[in-house]
Ligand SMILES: Cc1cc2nc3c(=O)[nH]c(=O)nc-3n(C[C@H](O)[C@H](O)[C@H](O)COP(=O)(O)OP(=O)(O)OC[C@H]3O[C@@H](n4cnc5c(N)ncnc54)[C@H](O)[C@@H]3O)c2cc1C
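A single chain, nothing else alongside it, follows as structure tokens in the form predicted on its own.
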Amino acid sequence: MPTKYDVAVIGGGAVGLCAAYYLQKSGKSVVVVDKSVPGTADQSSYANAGYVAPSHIIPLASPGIVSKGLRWMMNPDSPFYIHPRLEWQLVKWMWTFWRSANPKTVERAIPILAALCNESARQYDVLANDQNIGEFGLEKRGLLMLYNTEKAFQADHKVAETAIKAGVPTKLLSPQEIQETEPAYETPAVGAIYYTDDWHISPSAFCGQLFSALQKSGVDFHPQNKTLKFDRENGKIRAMHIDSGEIRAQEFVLAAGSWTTEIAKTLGLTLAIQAGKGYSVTVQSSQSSAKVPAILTERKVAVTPYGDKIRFAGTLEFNGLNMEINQRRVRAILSAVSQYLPNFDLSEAYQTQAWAGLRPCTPDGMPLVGRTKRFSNLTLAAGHAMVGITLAPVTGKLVNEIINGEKPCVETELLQPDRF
């Protein structure tokens, strides 16, 4: 006999787990299906930079990224790389990305992203204070954007002004003030933008603790699942078939990160999501006194301190659902660290196995959150690019509000899945 639930969530990463959390809290019976075990290294929520960043209010598709991207896209050492391949969906995605990277689109997106980020930060407080969820390393230390060139620093003053107008606490720092803010960073940086209210977490701990709490609260899980087929009828999904049998549900949530597109294809849906691979290296740190995360701005590399460990993360490599480690790109990340933080001993980092994860990127830089026109009981929650950890709680909250017919906590017009 099939198992019946109110809601079936497909995807056990940060977004899927948060959707399950808010749905279960609202009284729904919930099941989560995933190809991996939540909180483990196979997931893209495992070892990313871990930023909870209210400062990230500029969408990926912004005017400046187009000119930079054209210079970077064919250089395997660059922060942004597209592996050459003939694929219609990639060509279409790039065309839509180019058309979206204009001031008007960005201006419309900024207040929505700001509202999403602020609400998500509030929800992180809720999750951190939930006695059923264990510690996941939530710290409010801010985020330093370090600049090695005066040209880049001056150019991003406009970004700082935009952040201030959007209500994001922001400071411009001199080299001396950088040293005072984080003495562990002995850096040649000419200046920094300091977003004082940004947080960071351990993403693996967050997913692992949420997974454990949801299991204890009655949410069912089917991890390491290899089979996923759907029964459809009259504009609704009636059931899905997995390794262990048939699951029936009133509502379905598709929150499978970069794999959302492949799953959607089996339902006859074409989604504008491309997988952007990122890498990270986490090592024991001789600079264990570092507390404040940083982004090495010109090279797009993130530095996240975790007590006696430190993580270096970066690159955006479009190469399909490809999880292979490109050592050349890993070395480019570590080379960037040497340029900005020459006092860091990276000998262990060069010997450490890198981790890779895929970010689901939409061409306008806004996630897909909402119901589809094709299926009245399917809600999408994907396409968060580099802000999946930042926006996971608010996305979960929105999914719950959509399914329960409640007024969304944030305006969702620009997030509609069918907009492309």
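Residue positions are given as counts along the sequence shown, with the first one as 1. Since the model is a prediction, treat every value here as computed from it, not as a measurement.
Note that the form predicted in complex with this ligand isn't included here; everything after this is about it.
Visitor: Check each of 55, 379, 362, 45 and return the one that places a heavy atom within 4.5 angstroms of this ligand in the model of the complex.
Guide: Selected residue: 45.
Visitor: Identify which of 322, 225, 102, 174 has a heavy atom within 4.5 Å of this ligand in the model of the complex; exactly one of them does.
Guide: Contact residue from the list: 225.
Visitor: Counting only non-hydrogen atoms, choose the one of 273-281, 341-349, 149-157, 91-99 that falls within 4.5 Å of this ligand in the model of the complex.
Guide: It is the stretch 273-281.
Visitor: All three of 7, 30 and 117 touching this ligand in the model of the complex at 4.5 Å, heavy atom to heavy atom?
Guide: Not a single listed residue reaches this ligand in the model of the complex, so no.
Visitor: Does this ligand get within 4.5 angstroms of any non-hydrogen atom of residue 396 in the model of the complex?
Guide: Contact check for residue 396: no, nothing within 4.5 Å of this ligand in the model of the complex.
Visitor: According to a 4.5 angstroms non-hydrogen atom cut-off, is residue 263 in contact with this ligand in the model of the complex?
Guide: Taking the distances in the model of the complex, the answer for residue 263 is yes, it comes within 4.5 Å of this ligand.
Visitor: Residue-level contact is defined here as any heavy atom of the residue lying within 4.5 Å of this ligand in the model of the complex; does residue 36 satisfy this criterion?
Guide: Flag for residue 36 set to yes.
Visitor: Using a 4.5 Å heavy atom cut-off, state whether residue 15 contacts this ligand in the model of the complex.
Guide: Judged by the heavy-atom cut-off of 4.5 Å, residue 15 is in contact with this ligand in the model of the complex.
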